[in-house]
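The form predicted on its own is given below as one chain in structure tokens.
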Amino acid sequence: MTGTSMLRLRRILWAGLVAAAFATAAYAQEDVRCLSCHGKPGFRKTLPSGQVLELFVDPNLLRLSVHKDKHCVDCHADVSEVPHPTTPQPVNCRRCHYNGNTSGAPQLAKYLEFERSVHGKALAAGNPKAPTCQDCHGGHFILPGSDLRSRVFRTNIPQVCGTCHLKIFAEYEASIHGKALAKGNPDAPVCTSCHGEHNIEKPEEKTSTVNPGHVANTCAKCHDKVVIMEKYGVNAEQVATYEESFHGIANEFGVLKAANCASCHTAHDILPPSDPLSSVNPANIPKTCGKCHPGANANFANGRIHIDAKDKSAGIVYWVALGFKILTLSTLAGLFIHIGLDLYRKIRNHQKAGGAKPGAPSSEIQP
């Protein structure tokens, strides 16, 4: 028997074994045919660049995925021959994932959001490093986001994003948020809590959730909730005190250079003030403030931050604010009294003049 005949026989035997092994899995004939190669552990291809492309598909995992009722060619629609005469194209998830689809996929416009995102734009521009659906959701073992094993389950998201954003992932892991997530804290924010999911945009974009004009509102989604903040001994009034501060008011009026939450606390490596490495540790405040205020010295750390002028604990700030309110109200009261008295005098003069218009020449009011 020739070598070619032996190879053909081995393929037939392997196909028969795969067909027998997965007969109970209700695979379609074309799926069994695909698995005759792709169901073989260790099946891979070495690209000219030297990169090894893993082509093995574990049918056991495939049966557990959300696509368990789909056939191989439902996704790999350009594959019609085995072996493939040309390299199959990347799977186009949009064939099913769009609003109004009849394939049973979720009725959401997530793919459209992705196309408009920073990732989608990079992919459309031909950036080879741009992530695709499979990079985040997985290829053949795709699970609902509510499943603990899913790549997009809440606690797994930072690690998935960290596949590309390694430096930021390391900063996040060491932060107060990352440490809280590692302990299983359900309130700890993850990447998508701040940046969004499919609609992630560059900070420079005005509609981005991490644009300097929106950072305070993004942080407020958690830090403005008393129920959440009380659990961890954090003052929920910090959002309100920022909004009432010079920085907050300037930011509200569109001055994007004004300090926001991330300007002082940083974006990803946020640490409690008690940590010597924290940007808001008293020893580091001069340096933090100095980013905008050249010449900032140790006195910047002596003053209180996030002061509520309506609370007596604010000290002199409270009394100055109270005095200003009294002065303002007194001035307005005096103004209204003055206007009232002036109006009363004019009415009286009008009555004495027998109904003549105030200010009319005396010749016009003679009998």
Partner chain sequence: MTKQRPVPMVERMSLWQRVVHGILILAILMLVVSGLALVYHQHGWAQALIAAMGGLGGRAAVHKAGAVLLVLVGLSHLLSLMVSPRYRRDMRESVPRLSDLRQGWSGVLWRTTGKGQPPRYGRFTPMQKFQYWGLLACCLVMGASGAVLWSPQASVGLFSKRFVDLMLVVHSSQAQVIFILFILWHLYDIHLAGGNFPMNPAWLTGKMREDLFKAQHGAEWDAMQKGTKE
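Numbering follows the first chain given and starts at 1. Since this is a predicted model, take the numbers as computed values, not measurements. Think of the rigid core as the biggest set of C-alphas that the two forms share within 1.5 Å after superposition.
The same protein has a further form, the form predicted in complex with the partner chain, not shown here; the description that follows concerns it.
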item	value
The single option of Val57, Cys37, Ile307, Val32 touching the partner chain in the predicted bound form, heavy atom within 4.5 Å	Ile307
One stretch from 196-204, 141-149, 243-251, 173-181 that, in the predicted bound form, holds residues within 4.5 Å of the partner chain by heavy atom	243-251
Close approach of Asn235 to the partner chain in the predicted bound form, 4.5 Å, heavy atom	no
Gln51 within 4.5 Å of the partner chain in the predicted bound form, heavy atoms	no
Contact flag, Leu64 vs the partner chain in the predicted bound form, heavy atom cut 4.5 Å	no
Touches the partner chain in the predicted bound form: Lys231 (any heavy atom, 4.5 Å)	no
Residues in 323-342 with any heavy atom within 4.5 Å of the partner chain in the predicted bound form	Phe324, Leu327, Thr328, Thr331, Leu332, Gly334, Leu335, His338, Ile339, Leu341, Asp342
Rigid-core frame, C-alpha of Asp69, shift of 2 angstroms or more between this form and the one not shown	no
Displaced residue check between this form and the one not shown: Ala298, CA, 2 Å or over, core reference	no
